[in-house]
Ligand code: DON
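In the form predicted alone, a lone chain appears below as structure tokens.
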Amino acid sequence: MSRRRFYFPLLCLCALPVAARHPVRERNAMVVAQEPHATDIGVAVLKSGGNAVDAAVAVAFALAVTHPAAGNLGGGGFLLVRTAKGETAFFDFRERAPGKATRDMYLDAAGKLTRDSLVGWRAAGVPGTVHGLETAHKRFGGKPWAGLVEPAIQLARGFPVSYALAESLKNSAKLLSRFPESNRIFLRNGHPYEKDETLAQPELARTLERIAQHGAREFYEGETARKLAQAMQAGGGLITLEDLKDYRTVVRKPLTGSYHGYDVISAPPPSSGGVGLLQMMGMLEDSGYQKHGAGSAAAIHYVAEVMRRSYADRSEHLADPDFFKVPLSGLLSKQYLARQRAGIQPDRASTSDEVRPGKPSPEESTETTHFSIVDQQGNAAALTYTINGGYGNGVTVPGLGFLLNNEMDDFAAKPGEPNLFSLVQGEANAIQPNKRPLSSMTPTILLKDGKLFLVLGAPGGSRIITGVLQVILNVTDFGMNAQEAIDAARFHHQWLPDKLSLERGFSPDTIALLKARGHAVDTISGVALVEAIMAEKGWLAGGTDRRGHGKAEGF
């Protein structure tokens, strides 16, 4: 298990009680992102007449420069879009396993897991970010592509390091120092950056300049692709030029459902996020759990039991739908969820040994970052993308300036054994060439009376789904505003390991009552970093997570 201890930069600020904060309220448009420079760039795009997808492209490229722990060119993710006219689309630009990938590639001669799925060249899946951003822009964007990449180019030429980034880089020095380019660029060969010093990334600037001029084709077939493939071969990685040329974004139909009068639009597989969210909401729908009050032991107990059952299903029934027949209609049927709910006892915790993956009817028909955007016309974009662990696999590609993901660890490298996030996964998510690993990313949009109401998502590995769920419940069931809903202390249960993890902020009496029900309770530093925008009564209210260092701004 020691291989699974991994540092997550910027995810470790604890949920300590603080004075109530108000959301940022504006009439016209709003951007909420986890790094202030990126927020400012998104707002500038909207003010210049760009729409939500234009702003999303600009913000994503900016984060690749200013938030290198998660923002990326070398990773992948999901973008959920809902237009003001009601059209929805889900852009799946998740990384894919290289063509040379094999099922047991991360097992040693004794059949034990190695660290190769976490650190170094062999941990990387084929990146999808650049392709996904261009695909979304071609469908919904309005402003010229090059102009949306230009702000990131300027930042790559040099920007002042924040305190948060300086500390994040220092805390990740053990990983980054293992690879020459990462050590040189991000650690200055042993001379760590301090607050307000300038971080210049000229190689990344040149890569971005080529992408601005030639589009995604440059990344997948041009000079960038050739240099990446050559570096992969030299470093012992598996990604080839053919893998890059063959990469495609998949535009999928979002998952939809309802909860307490709200319409829910969320992420389909290969994300487990939307399925998990709708499953948990379905079990909560008629339970009456909310009568006990927000933060009460009785409410926490019931929601934790719902989480336990959903994560058990995740372990067996979810994977890339292009490789595995996911029983979506069975997992989300009211009858199935009612059966799952019936096993919950209000005064006693289940054990994860007794809660196993359910048997739905067959189908009938780490480090991550998130931002939410609503533009002047009411178009909404929720984008979550990742390189998995903080600073990915630690490798910065020579001559290109961007870090690579360690997303191959999101597969079941050894079915039945835990991954980086202690998630136990089954055969459905085993490694196969060109397959996309299962994800927890959960970009989500809620409607009220058919109108845009809430746009949100989060980073946080396996805790993303439970973090997003609790913010939604805080708004819909407990009447909190966007900022109150985000600031409230959160909890997490993922079936295995069998423990209920609480952020600091819950009272000793509440913890004692949970233990009396049979929960094995521990304390964790944080459950996801949720960024949300609420639309209500003619206002947009932006909430950013105090567990991180983001910014909400609009006009």
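Numbering starts at 1 and runs along the sequence shown. The model shown is predicted, which means the values in this text are computed figures rather than measured ones.
Omitted from view is the form predicted in complex with the ligand, to which the following refers.
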* Asked: Given that the ligand is left out here, which of Asn72, Ser372, Asn388, Thr466 has a heavy atom within 4.5 Å of it in the predicted complex?
  -> Asn388
* Listed residue (Trp121, Phe140, Tyr302, Phe421) with a non-hydrogen atom within 4.5 angstroms of the ligand in the predicted complex -> Phe421
* in the predicted complex, do Thr368, Asp410 and Gly460 all reach within 4.5 Å of the ligand through at least one heavy atom apiece? -> yes
* May I ask you to state whether Ser440 is within 4.5 Å of the ligand in the predicted complex, using heavy atom distances? => yes
* Using a 4.5 Å heavy atom cut-off, indicate which stretch of 195-203, 452-460, 349-357, 232-240 touches the ligand in the predicted complex. => 452-460
* Going through 81-108 from first to last, which residues have a non-hydrogen atom within 4.5 Å of the ligand in the predicted complex? -> Arg94
